[in-house]
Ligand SMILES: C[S@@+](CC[C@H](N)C(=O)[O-])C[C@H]1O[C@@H](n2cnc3c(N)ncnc32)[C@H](O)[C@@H]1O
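In structure tokens, one chain follows: the form predicted on its own.
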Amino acid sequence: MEKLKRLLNSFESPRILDVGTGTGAFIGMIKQMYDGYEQIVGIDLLERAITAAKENFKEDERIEFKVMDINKMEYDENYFDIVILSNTLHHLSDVKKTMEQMEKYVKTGGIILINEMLSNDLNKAQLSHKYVHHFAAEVDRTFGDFHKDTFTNIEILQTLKDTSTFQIKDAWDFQGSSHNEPTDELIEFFQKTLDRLIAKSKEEDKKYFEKKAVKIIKHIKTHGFESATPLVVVLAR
């Protein structure tokens, strides 16, 4: 947390772009530790996510959210000091193209900031997060949606080396998630989450996913839940 805070504070009134922002979770994390930004823009292709994000941050006029494709930007190139990609790498069918587009909008002296949850070196509570996430990804893939399982730290770094013209300047594990004990409320939440995903699945796949869900719930009951450790990577020209 402190290392990211120091990095943000090294910029004076930065303009920040969050690509694939979802409901603005990473922007919320930034806002908790840093208030010196001039502007934050969150973009996503999902209108319902942007609608929720706008509601979450409606009191800060410096933060705006738009349904927008990184390939069809409304901003000038070299406009942003920091361009972020948070927990989106495993959703990209063409990482190289996305990185090329992101690089266009980073001004001289700016950075790309990657935040991506890891699949390796997780404790048993963090494995609960991994199992639920991979369950959702597998359901998506049965419909032909592009949604990979999460990566190891080595895979993330190699992917960025292979797809970005920027250089990796720093990388570290981001610590700070808290352990959630396996209370009745927690179990009910994840049971409902898995049930929604099963309901979304194809009829011929439901039995398979139901059996898999039983194993995941058993793991959560035994070990609780904790967010998987993210890897933060800083890239620059």
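Numbering starts at 1 and follows the sequence shown. This one's a predicted model, so the numbers in the text were calculated from it and none came from an experiment.
What follows is about the form predicted together with the ligand, which we do not show.
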(message) So in the model of the complex, is the ligand close enough to Leu45 to count as touching (4.5 Å, heavy atoms)?
(response) yes
(message) Residue-level question: is Leu92 within 4.5 Å of the ligand in the model of the complex, judged on heavy atoms?
(response) yes
(request) Verify the contact flag for Gly22: yes if a non-hydrogen atom of it lies within 4.5 Å of a non-hydrogen atom of the ligand in the model of the complex, no if not. (result) yes
(request) Consider Val41 of the chain shown here, and say whether it contacts the ligand in the model of the complex, taking contact as heavy atoms within 4.5 Å. (result) no
(message) Quick check on this chain: which one of Asp184, Glu55, Asp35, Asp69 has a heavy atom within 4.5 Å of the ligand in the model of the complex?
(response) Asp69
(message) Considering non-hydrogen atoms and a 4.5 Å limit, which listed residue (Thr88, Thr159, Gln126, Ser119) is close to the ligand in the model of the complex?
(response) Thr88
(message) Only one of 163-171, 79-87, 106-114, 149-157 has heavy atoms within 4.5 Å of the ligand in the model of the complex; I'd like to know which.
(response) 79-87
